[in-house]
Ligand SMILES: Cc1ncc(COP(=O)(O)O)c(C=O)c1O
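Given as structure tokens, the chain that follows is alone and in the form predicted alone.
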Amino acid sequence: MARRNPCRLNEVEEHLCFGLAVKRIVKYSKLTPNSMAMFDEARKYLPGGVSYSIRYFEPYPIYVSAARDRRIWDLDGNEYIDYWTGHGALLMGHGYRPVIEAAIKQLKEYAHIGFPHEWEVKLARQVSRMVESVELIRFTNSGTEAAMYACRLARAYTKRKFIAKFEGGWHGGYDCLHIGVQPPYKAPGSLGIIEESLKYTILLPFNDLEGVWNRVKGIELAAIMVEPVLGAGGAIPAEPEFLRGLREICDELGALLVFDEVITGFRLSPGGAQRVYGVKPDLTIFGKILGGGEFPAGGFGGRADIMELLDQIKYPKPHERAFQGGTYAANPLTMRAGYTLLKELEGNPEIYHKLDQLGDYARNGLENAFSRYGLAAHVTGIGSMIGLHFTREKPRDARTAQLGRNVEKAKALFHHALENGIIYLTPEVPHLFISAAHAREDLDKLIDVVEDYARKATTP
């Protein structure tokens, strides 16, 4: 007799969930009629009504009319404590005054010029001061671009083709990296990605050194790319010995170790996750907080001997160097905003002390809320990052987090939180970001709302 999947709902549970979902939708539509109308209008002009699919949730997303510190308001005037914080970019919360004022000053001087300017130099020097592994850096407009150029540079430097990435790891929409983010891991993450684009991509198991070695030994590997903390995979931290082991594997194979710190860069410490873990990569990818949190930003940097392959003075012929560039690369607005914030973060360790305390407090409170009512759910994360997982065991890799999860319970918690003035993304894979604008009382409310959900979810 086949065993029943413990995470699959039976017919009675499905019927009850359907009834509750209908009630939630009716209540939600009464509270957010203006967002509903705006979404109807959006679908006439935007595929799916949004510019990024993860911003959609059933039956339609809220449309934001205002944001300040740790709160947002929708078109209907409903107020929410925001734990999405601009995809994790807003370390200091919405509208952090020093960054906004720096941007205003820059707008009055010039916004876009297409020439070199002082702020790109200042930000490059600041990143190099804060992140030990970065000797040289180039700026882009997104983390996706930075990951794309880092892959190209790794291949150019090593003269090898194979790039390895991890199951559950998200590095943006570049073809050769857009696989293995969600199950089925071996399927491309998008239509339009041709088989040849993934021919030299190797998928690796997260937090499993033996599994990594079994898959890469004997391969002429250009680089291993890894998020020190899986982001889209559910805020799952790498184990310290795992990252140290990756460093050793890359050294043995002559491959580059590339850290994707688009999320963790300047969030976990002034020097990023690599300072917390004490592991030095060859290249690092940046984004989000690099632009002050408020403006589109990306960058990649690392060892001088690698980054010099981009140098048009040292390599004047285009076919002799790796290319990177763009109309808005290192735009003055982003560079000045990023420099302003990073300069503050460098000199204020108490910001990270506060974020770490709030994160520990939230994770302990949430884990206790689940266990108090015997709900099969767990909390992951580090520093100001939090992941919630409706799984039987606490995930240490993407497979555990994604293949064994109860999606319906995750969605139910999301809507319960929304009804109680708390918002985060995504409904299916809840991962939350704490900002320096959050206070203990905000986390108490989050814990209380989750505990109320756990009580109701386990009451016969």
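The structure presented is a predicted model; accordingly, all values stated were derived computationally and were not measured. The first residue of the sequence shown is number 1, and the count goes up from there.
The same protein also exists as the form predicted in complex with the named molecule; that form is not shown, yet it is the one meant from here on.
Shown alone here, Phe206 lies farther than 4.5 Å from the named molecule in the predicted complex, counting heavy atoms only.
In the predicted complex, Gly143 approaches the named molecule with a heavy atom inside 4.5 Å. Gly172 belongs to the set of residues with a heavy atom inside 4.5 Å of the named molecule in the predicted complex. The named molecule in the predicted complex comes within 4.5 Å of a heavy atom belonging to Lys288. Note on contacts: among Ala273, Val258, Leu153, Ile263, the single residue with a heavy atom within 4.5 Å of the named molecule in the predicted complex is Ile263. Only one of Asp282, Glu167, Glu227, Asp82 comes within 4.5 Å of the named molecule in the predicted complex through a heavy atom, and that residue is Glu227. The chain is drawn here without the named molecule; in the predicted complex, the stretch among 363-371, 206-214, 135-143, 94-102 whose residues come within 4.5 Å of it by any heavy atom is 135-143.
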